[in-house]
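Below, in structure tokens: the form predicted on its own, a single chain.
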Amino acid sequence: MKLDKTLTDKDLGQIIAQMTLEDKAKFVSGKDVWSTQAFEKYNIPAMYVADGPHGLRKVRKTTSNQLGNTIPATCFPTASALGSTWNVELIEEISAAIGKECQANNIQILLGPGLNIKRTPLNGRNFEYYSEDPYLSGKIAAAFVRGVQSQGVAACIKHFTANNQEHERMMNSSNVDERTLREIYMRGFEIAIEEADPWTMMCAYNKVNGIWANEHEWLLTKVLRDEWGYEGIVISDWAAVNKADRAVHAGLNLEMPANKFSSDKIVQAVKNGTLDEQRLDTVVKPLLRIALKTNNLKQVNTELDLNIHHTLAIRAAEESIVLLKNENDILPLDLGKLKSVAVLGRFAETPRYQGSGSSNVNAYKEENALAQIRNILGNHIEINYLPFYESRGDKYAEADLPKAIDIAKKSDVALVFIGLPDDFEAEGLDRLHADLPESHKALIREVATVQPNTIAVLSNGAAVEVEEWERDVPAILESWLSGQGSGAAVANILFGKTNPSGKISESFPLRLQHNPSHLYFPGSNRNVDYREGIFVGYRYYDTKSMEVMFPFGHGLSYTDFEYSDLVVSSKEFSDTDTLKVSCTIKNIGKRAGAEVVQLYVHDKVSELPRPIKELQAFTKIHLESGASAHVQLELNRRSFTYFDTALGEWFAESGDFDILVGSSSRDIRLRETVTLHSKQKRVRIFDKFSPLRDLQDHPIGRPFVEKMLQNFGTSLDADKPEDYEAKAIFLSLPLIKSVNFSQGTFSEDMLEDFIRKINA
């Protein structure tokens, strides 16, 4: 659903022309915590706002507690779980359901999705974000936006940009070079805007290279509006604004929550001449457009069936869950071979299915794994349950450890539910380490020593370290924080009622210290330097050929898939062409299942450092046993480019590229090499410190290099062993050193003239 073009700039301009300066300043400052200003005299309605990256969180009007006492709603899987579905159609279906709940509760703006990059596993808010990969994040976010806005509700993509930690989130500066910003931290936002046209966007708390994100004119105006053509509004994160007049000048449309002092400052700045009133009008116009549009799209008496949404929440959880390990096909469990099952860990009965903070949904219903296991097993299989650890923190009764061991010993299989409690990862605080609580580790460690059929079920919002005990358990199920249906979904997968199809959307390193940002996180003196640059997640691990616990895109199934018949539409193509890549996927196992087909691109030779592979396309397909499907993916110019800061644009470099198709970033099944003929040409500008080797292919530079090489007793074409050293030394010299070695025949003035000629 696009922005309403019937509301022309002329129509909006006429309304703005009637507004007083004071009213315009109030309009861009909000009314209270959850609504915008209404002006009856101008027929401008209020908009009501609510949190909602994985479900509606609407605060009751009667409460003063802004994080609690919210209305019941459907809690779908959190973003880290939804990212692991790789299913854009499912995401759109989920977000449409959330949009419908918004309409039923008079909400015009839903604050979601979050698509910040998972730079480090330690970010306490990682459960709200999809992936370490910007392409996957952008595609899923675009689907989420389409679903919400199909219901006439504005989605709000957030937080723009480089908002990757909670430590000093309102104080620090994320210091990132432009190439890294463009390729990693802004790319997902760009995709979401291009493909889904979100009506609203939220900027971040932090500074970006020393400038507050809400005061960043380069971000909010030059890139967002002038380059990307964004027509929606930019909202501040709650209480992020420090200088309201500067924020308005930069392009911020709405400060939230309301701040009377801000509207006064804006009025004063206009009167003082430090803020142009036309600039204020520029930010009022899109805000007015969205207020009128969402009001026109209100649906009165929207009927909800939350039981239907609950069924969808279970299905979403099932597709989110990832089977990380399954030695000897221990899963799914065979009911015919079981007499007793140990269920250990409080999360089995009291699941942790969402994160803490502003995204916390008051789930109207919830499933727990223990109850569903009892439903599946019935009365003929014994179930032995022990909660063991406390629901929060790291505490457990030492006397319970022998009990857990005894229960595990006398059972046929042990299902151990472990993960991260609320106080280990939450909005407002980062994790101190990537490990599990000692209570959870003690449980899995001790049980695994006595029970070879120990299955670990993880509940966490981001990657955790499992190396200490992973080798001792035959199976690991990553359930993430997968919403109110997570308990039923986990049990259904354990006992084969559902075939797992999730793929992790972030790498699991062996140890936290292997993470590329580890040395620079969380920064110091209110600065965090992104020195790892573009090498985030698998871009780093795969390029370094570093061993990981579980690679990006990994996820097992109860069936097997065969890849074959890779075909590209052309072995040689132009950067204006669309390259079509097709292959055949066959389910060669005995169960129906789903596979995520992932396409990565590798630039074989590049002027600038690039990751060894980058995700550029994917699709998820469902196949019955024995069935095959013809899969076609498309690559466009951007699939092969990098951002060249010297040129200030995305550059498509001519050359050979590997097309890699597989089941994860480390499980490549098919490959083909293609050649790109780019219409872009790099214009090299030489100066006196350019190396002489760069001139050897230049029509004017080559004769000069040949002449200078004569002083070394060699030439460019010389191929004798004794010539190699002389050529290597000479060609590495900067151009200015030609003056030193010319024996007085070549002056600095002559050098300057020569440089002008070759640059011409």
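Note that residue numbering follows the sequence shown and begins at 1. Just so it is clear, the model here is predicted, and its values are computed rather than measured.
Missing here is the form predicted together with beta-D-glucopyranose; even so, the following discussion is about that form.
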query: Residue stretch of 409-417, 230-238, 457-465, 629-637 approaching beta-D-glucopyranose in the predicted bound form, non-hydrogen atom distance within 4.5 Å; finding: 230-238
query: Contact residue in the predicted bound form, from His159, Lys503, His216, Lys139 (heavy atom within 4.5 Å of beta-D-glucopyranose); finding: His159
query: Heavy atom within 4.5 Å of beta-D-glucopyranose in the predicted bound form - the one residue of Ala316, Ala342, Ala154, Met202 that qualifies; finding: Met202
query: All of Arg119, Asp430 and Ser517 with a heavy atom within 4.5 Å of beta-D-glucopyranose in the predicted bound form; finding: no
query: Partner contact for Ala404 in the predicted bound form: beta-D-glucopyranose, 4.5 angstroms, heavy atom; finding: no
query: is_contact(Gln268, beta-D-glucopyranose) in the predicted bound form, heavy atom dist at most 4.5 Å; finding: no
query: Any non-hydrogen atom of Ser654 within 4.5 angstroms of beta-D-glucopyranose in the predicted bound form; finding: no
query: Partner contact for Leu111 in the predicted bound form: beta-D-glucopyranose, 4.5 angstroms, heavy atom; finding: yes
query: Any residue of 119-153 that, in the predicted bound form, places a heavy atom within 4.5 Å of beta-D-glucopyranose; finding: Arg125
